[in-house]
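First, one chain by itself in structure tokens, the form predicted on its own.
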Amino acid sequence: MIQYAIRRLLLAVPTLLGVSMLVFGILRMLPGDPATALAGVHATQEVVERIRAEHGLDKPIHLQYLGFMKDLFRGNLGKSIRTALPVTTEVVSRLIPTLELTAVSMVLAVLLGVIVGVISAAKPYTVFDYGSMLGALVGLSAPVFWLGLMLMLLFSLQLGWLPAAGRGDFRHLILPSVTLAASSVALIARFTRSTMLEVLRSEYIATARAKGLRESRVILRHALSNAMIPILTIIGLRFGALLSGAVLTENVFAWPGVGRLVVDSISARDYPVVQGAVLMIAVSFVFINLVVDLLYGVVNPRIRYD
């Protein structure tokens, strides 16, 4: 397993290199100039040129990229053009709120999605099944920003039960986590239902029922355990999607996470911060996929990594 993990990490290097090149190139194609944004619209050309030279923006793009990679291999992501603080400090300080929001959303998505999916598969074509799948369809279709605003309007402005925005105690976490988890709950529920229905048609499930085992034991012990590998795959993919897709949720609820930092940095043409944030999200994707692959062996001992 250790050798497999090392191979996967080595294979991730070209992926992260491609991500860095793509992000670096796209940022340079955006309209606007970071030096002008930092100096202000009324600054003289001399001031703008001086700021551009200070941050290395006057060099050709390939030299800028080589300098970026040279600093990256030294563990240095550069300094923010806006605040002059190290990019690592800026991103890590925002990464903790994002991980907090993503973790709570993922717990909600897994618990609700798997439970609803299992019950729907155990009782197919019933009122609960039709109602839950209709709700899942709505959850997949509802835009994140619209759902967030509707929840804010109902529970904050109309009922006054929960705070509308910001980060504070656990109450501030409820609305953004529910908003972020909605589509994942729907996707995991639908995927769990379809996977469980396929497993429940298997011969060994019929054999287990013929032995007189309780239906709950058949579903949880035999069916769900064998359906967990594809479910784990979709959970891993959704966790990465939540981590990178919190941009809209964080902006709707003024949550001080990486997503909001990226949006603000793009508006200010703060290239180093955007590059550092995207790279950290890409590294998180790679790590999550590796953990999911290793969990396959835990769920199914027949899987070997030799």
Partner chain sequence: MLKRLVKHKLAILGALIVLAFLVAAAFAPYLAPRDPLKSSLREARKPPSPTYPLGTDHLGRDLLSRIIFGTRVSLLMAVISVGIGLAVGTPVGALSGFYGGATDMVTQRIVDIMMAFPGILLAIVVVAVLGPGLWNAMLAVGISFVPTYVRVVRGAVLELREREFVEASRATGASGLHIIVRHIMPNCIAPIIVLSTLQMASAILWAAGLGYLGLGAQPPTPEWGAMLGEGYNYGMIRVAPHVTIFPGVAIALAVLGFNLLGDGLRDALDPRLRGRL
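Heads up, when I say rigid core I mean the largest set of C-alphas that superpose within 1.5 Å between the two forms. Numbering follows the first chain given and starts at 1. If you're wondering where the values come from, they're calculated on a predicted model, not measured in any experiment.
Just so you know, the form predicted in complex with its partner chain exists too; it's not on screen, but the next bit is about it.
Look at 99 to 107, 135 to 143, 68 to 76, 205 to 213: in the model of the complex, residues with non-hydrogen atoms within 4.5 angstroms of its partner chain sit in 135 to 143. When its partner chain is considered in the model of the complex, residue 233 lines it closely, a heavy atom lying within 4.5 Å. Among residues of the shown chain, residue 60 is not one whose heavy atoms approach its partner chain to within 4.5 Å in the model of the complex. Using a 4.5 Å cutoff between non-hydrogen atoms, residue 170 does not count as a contact of its partner chain in the model of the complex.
A residue is said to contact a partner when one of its heavy atoms sits within 4.5 Å of a partner heavy atom; residue 111 fails this definition for its partner chain in the model of the complex, lying far away. For the partner-free chain shown, 252, 262, 263, 266, 269, 274 of 252 to 276 come within 4.5 angstroms of its partner chain in the model of the complex, judged by any non-hydrogen atom. In a rigid-core overlay of the protein, residue 252 has its C-alpha displaced by under 2 Å between this form and the one not shown.
Residue 268: CA moves 2 Å or more between this form and the one not shown after rigid-core fitting. Residue 27 shows a C-alpha shift of 2 Å or greater between this form and the one not shown [criterion: core-superposed Cα displacement of 2 Å].
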